[in-house]
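In the block that follows, a single chain appears as structure tokens, in the form predicted on its own.
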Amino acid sequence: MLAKRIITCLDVDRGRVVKGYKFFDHVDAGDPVELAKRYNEEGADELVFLDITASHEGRDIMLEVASRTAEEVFIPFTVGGGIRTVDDFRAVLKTGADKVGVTSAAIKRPEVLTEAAERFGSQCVVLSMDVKRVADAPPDKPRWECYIHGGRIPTGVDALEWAVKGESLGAGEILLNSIDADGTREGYDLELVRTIADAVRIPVIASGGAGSPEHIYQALTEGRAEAALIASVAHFGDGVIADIKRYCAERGVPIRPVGM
């Protein structure tokens, strides 16, 4: 059985790591290069670097900051934000990234997933989905809608349908970001994670809401995610990654121990 992964996330705005609440009201959390080095040393399995305002501001991703961050990590590294074309994929991979995340551009022009997968391989293509519950959906038939431009613009695209389509177009992994749970530290939207994970064959990364080792354990078991992404709980805690891994391992979750 493949080991489950604990992934730390750096949401970057103007060269600084920030953390918000439901995608807004951001506070400073530190320098991306310093935090990347710290998480690499503390035993994170992977690192995700997201330039969270690039798409909204219509600019290119901050490649220089991503490159300096990549120099400090020796674990798989995903970079996203402002990705629009295959050339953008190439530029990001040249910084030292292993994978590239794409959100807004994939919804606007889905074929970019196929183009990138054909050029670089599906293992490099991460479909990042920012989703929010549809308020008027029946409780027994919940639905989630995809948003773009950093959670600012609703698209009318059903998250479940988009996940399935994204896989068929060439995505090798899904980064599933719950806007409702983001920054709350009250736990992942397990119903959302499980719904998407059960519908696709590619790995799903649960994102949004982690506040304790129990929450990560729930995402990896009840949610059936292959990986759990953490941000606030890591930025503002100490030794959190080791605690999470120990907690999950003690409960039978296959996970890489710190130090491997």
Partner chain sequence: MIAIIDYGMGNLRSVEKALERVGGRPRIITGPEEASGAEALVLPGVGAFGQAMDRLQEAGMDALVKSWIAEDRPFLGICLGLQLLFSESEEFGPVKGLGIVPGRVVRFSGPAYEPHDGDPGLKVPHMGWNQIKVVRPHPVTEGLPEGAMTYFVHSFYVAPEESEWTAVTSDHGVEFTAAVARGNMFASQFHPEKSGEVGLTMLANFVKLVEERSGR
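Positions refer to the first chain, counted from 1. Because the structure is predicted, anything quoted here is derived from the model rather than measured.
Heads up, the form predicted in complex with its partner chain isn't pictured, but that's what we're talking about next.
Not one of 51, 152 and 229 places a heavy atom within 4.5 Å of its partner chain in the predicted complex. Contact with its partner chain in the predicted complex, judged as any non-hydrogen atom within 4.5 angstroms, is confined among 109-117, 131-139, 72-80, 155-163 to 72-80. Just one of 168, 85, 184, 123 comes within 4.5 Å of its partner chain in the predicted complex, counting any heavy atom, and that one is 123. When its partner chain is considered in the predicted complex, residue 145 lies well away from it, no heavy atom lying within 4.5 Å. Residue 202 belongs to the set of residues with a heavy atom inside 4.5 Å of its partner chain in the predicted complex.
Remark: residue 221 does not count among the residues lining its partner chain in the predicted complex, judged by a heavy atom distance of 4.5 Å or less. Although the partner is absent here, residue 93 sits close enough that one of its heavy atoms falls within 4.5 Å of its partner chain in the predicted complex.
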